[in-house]
Structure formats: structure tokens, C-alpha cells
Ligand SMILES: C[S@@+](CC[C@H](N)C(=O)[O-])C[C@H]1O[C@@H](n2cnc3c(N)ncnc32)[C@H](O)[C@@H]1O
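Single chain ahead, by itself, as C-alpha cells, in the form predicted on its own.
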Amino acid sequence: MPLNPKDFNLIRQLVNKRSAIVLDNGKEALVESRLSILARKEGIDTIAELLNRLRSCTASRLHDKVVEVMTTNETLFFRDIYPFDVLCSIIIPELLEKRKTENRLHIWSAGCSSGQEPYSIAMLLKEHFAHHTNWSFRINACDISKEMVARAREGRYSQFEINRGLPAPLLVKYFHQKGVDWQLREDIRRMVEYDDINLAAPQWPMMPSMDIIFMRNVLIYFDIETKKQILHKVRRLLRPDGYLFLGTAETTLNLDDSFDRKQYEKAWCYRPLIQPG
């Protein structure tokens, strides 16, 4: 039986309260599918029993698991390749020149899921900028899901995940086979520092100012007020001459007027108009 409105609202309110993510009408089938997966993993016979357990108390490990499974989003290596092309050909070379007295770059991948995005950036840096031996390239990455963060740290992917966007030469060069899966080399994994962060939280943990922020296909899950709050915090974190990448269906327009949208070849990104106060 499909989820009835009462059950769907229970999950929708739980997820929104814990993560500020909005599950719109029409997502019932998705919610049912993910609840079914969670029930099997937890050894619960039916979705109805899982829902009863959620109703029996207001907070539990199961509540956390529901939020995690509902906020796990799709990702792949070098997704929408153009931002990575521009990063390599224009943005990083420009920042290397601007930061030559500092010799360091900070990049943040927010909403990183199982790590394909930050590892794509790490491999790009290793491939094209490894000769800058006196530079520090620091990549931070975060996700609300502790399970996804743990997976990302391990850097282990199925053949299906490898086939989605990863060029064969990079597979040969940077991965080794582990059973039926593939695992990234340890030196690439060490380039990324992971944390579990709720982007909708009132405050984020202390982080260094960022030169580049990837927050792609994340804002689409929040309501307008939450988007505004997140972009305000992004603006304060991003250096005045930094770059913000959003997903193709996302924008700062009518949300935060302190960003300017710029096109670089086939990619769009956002630059701060004013220095954060």
C-alpha cells in the first residue's frame, strides 16, 4: 500500500524539523522506497511497523536514520563536467597567481554525499597542479549524513559508481581493486577532510575562509528562508575574490543580492559583490 497522507506528513515534518529539507507533495513514492530500504537494513518487517516505532517516541536512533536516508542525494564523479573544466583552465591558475604570497588554497565541497565531488577536485589538483610542491591545497567536505561521511572517508566505490563519470585513465591511476569494489589511493583520500554538518543549522563549525565553494544541487532541497540563511553564511565564509558554484537549477537571484553571476566558458559561478561585514 502506498503511503497515506498522514504517514507522509509524519516523515515530512520529521525531516524538515531535523534538517530544514522540504519534501514536497509528489515525493511519496520516493519516501516509501527509502523507508522500505531502511526497514530492511534495520530488520523491521514492514514500513507500518517502522512508522509505529517513530510515533512511539519523539527522538531515537531510528529518527536519525530516517533523516539520513531521506537526505542522501545522488552524486557522481565530475558531475556536469564544465565546472571542473573551468576550475582547471581558468580559476585555479588565476588563484595561484593571486595567492602566490600565501601558497595555499582552501576549497569546500558542501553537501558532498559519498565523496565523489571532493575526490574529483582532489584528482584534478593532483593531475594538473602537483608540480606546485610548495603549495597547500586543502579540501574540506561535509554532509548531514554521518553514514555518507563515513563512506566518503573510506573512498570505496562499486563498479556502478565508478562507471558514472570517472574517466578510465583516472581509475587506473588513482584506484586499486578491493574485492568487487574500487578504493581510492590513500594519498588522494588524505587530501580531503570530512565532517558532518547540517547546513541549515544556525551556526557552522569554525572553518578557514574559502577560495572556492562547491554547493551544487543542495539549495534546491530547502525553503526560501533557509536558502537565504545559507547563502548569507556562504558569503561570510567565501573570500571577497572567491568563487561559488551552485547546481544548474540553482541561483542566488532574489535570495542574496551580494553575489554576481558570471559565465566562464560553459560554466556559471557566483562572485561576491561586496566584502562580507
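Computed from a predicted structure; not experimentally measured. Throughout, we count residues from 1 along the sequence that is shown.
Keep in mind that the form predicted in complex with the named molecule is not shown, yet the notes after this line are about it.
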Contact test in the model of the complex: Ser113 vs the named molecule, heavy atoms, 4.5 Å:
yes
Asn140: heavy atom within 4.5 Å of the named molecule in the model of the complex?
no
Is Leu184 close enough to touch the named molecule in the model of the complex, meaning at least one heavy atom pair within 4.5 Å?
no
The named molecule contact at Ala152 in the model of the complex, heavy atom, 4.5 Å:
no
4.5 Å heavy atom contact with the named molecule in the model of the complex for all of Arg79, Ile197 and Tyr221:
yes
Tell me, which of Ile92, Ile144, Ala122, Ile107 has a heavy atom within 4.5 angstroms of the named molecule in the model of the complex?
Ile144
For the chain seen here without its partner, which of 265-273, 251-259, 18-26, 5-13 has a heavy atom within 4.5 Å of the named molecule in the model of the complex?
18-26
Does any residue in 59-77 get within 4.5 Å of the named molecule in the model of the complex, counting heavy atoms only, and if so which ones?
Thr71, Thr72, Asn73, Glu74, Thr75, Leu76
